[in-house]
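Have a look below at one chain only, the form predicted alone, in structure tokens format.
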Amino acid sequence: MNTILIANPKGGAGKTTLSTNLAGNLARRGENVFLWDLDRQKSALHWLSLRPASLPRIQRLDSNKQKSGDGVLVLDSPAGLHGGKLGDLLKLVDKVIVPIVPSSFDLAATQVFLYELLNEKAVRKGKAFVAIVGMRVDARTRAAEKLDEFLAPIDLPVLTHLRDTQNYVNAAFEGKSIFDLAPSLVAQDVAQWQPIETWLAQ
């Protein structure tokens, strides 16, 4: 099973938003999708419990022992992930996406995490491939400039910047992803996901 880890030790970095919308994207494209929520708040599982049965199915996973057959597993990791727990998870995954919010606190916390991630054995040996996604980014702001400056020297691909929009918020209230909303409403957001789709397909 292809496994994608969404990870950042900083709370509020957008892990659950990215995880649930990634799961919704993959399900909409016809993939057999599983969602595993390791965070104590279980926000991703709450979202999944609200998901209408009429939408493409996303299955809940509660243990690595349940993994079987073909499909894609999206793993929503907890805040504070580091050390041995991070190393153990990296042994299970094929790709890692690190969401980053453009604030001074988030950038400082994420910088330490990225260097720890790059030094993990699974990443150094090429068994887990890592990329970055900017979250809640308004391209016209100074915060966006600071995010670009921060990411420039880091030897990891920056896939895309997802804009700050209520589309993600409103979809989550109904157990939906943006890919389950009217195309005319989310055309700009869906376009921002194209680099993520391309990278995952590589």
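Please read these numbers as outputs of a predicted model, since none were measured by experiment. One-based numbering along the sequence shown.
Same protein, other form: the form predicted in complex with a small molecule, not shown, and the subject of what follows.
A.B. asks: Heavy atoms within 4.5 Å of the small molecule in the predicted bound form: does Val33 have any?
C.D. replies: Val33: no contact with the small molecule in the predicted bound form.
A.B. asks: Give a yes or no for Asn25: in the predicted bound form, does one of its heavy atoms lie within 4.5 Å of a heavy atom belonging to the small molecule?
C.D. replies: No - in the predicted bound form, heavy atoms of Asn25 and the small molecule never come within 4.5 Å of each other.
A.B. asks: Can Val123 be called a contact residue for the small molecule in the predicted bound form at 4.5 Å between heavy atoms?
C.D. replies: Residue-level check for Val123: no, no contact with the small molecule.
A.B. asks: If we define contact as a non-hydrogen atom of the residue within 4.5 angstroms of the partner, is Thr165 a contact of the small molecule in the predicted bound form?
C.D. replies: Yes, contact at 4.5 Å.
A.B. asks: Pick the stretch from 167-175, 52-60, 151-159, 138-146 whose residues have a heavy atom within 4.5 Å of the small molecule in the predicted bound form.
C.D. replies: Residues of 167-175 come within 4.5 Å of the partner.
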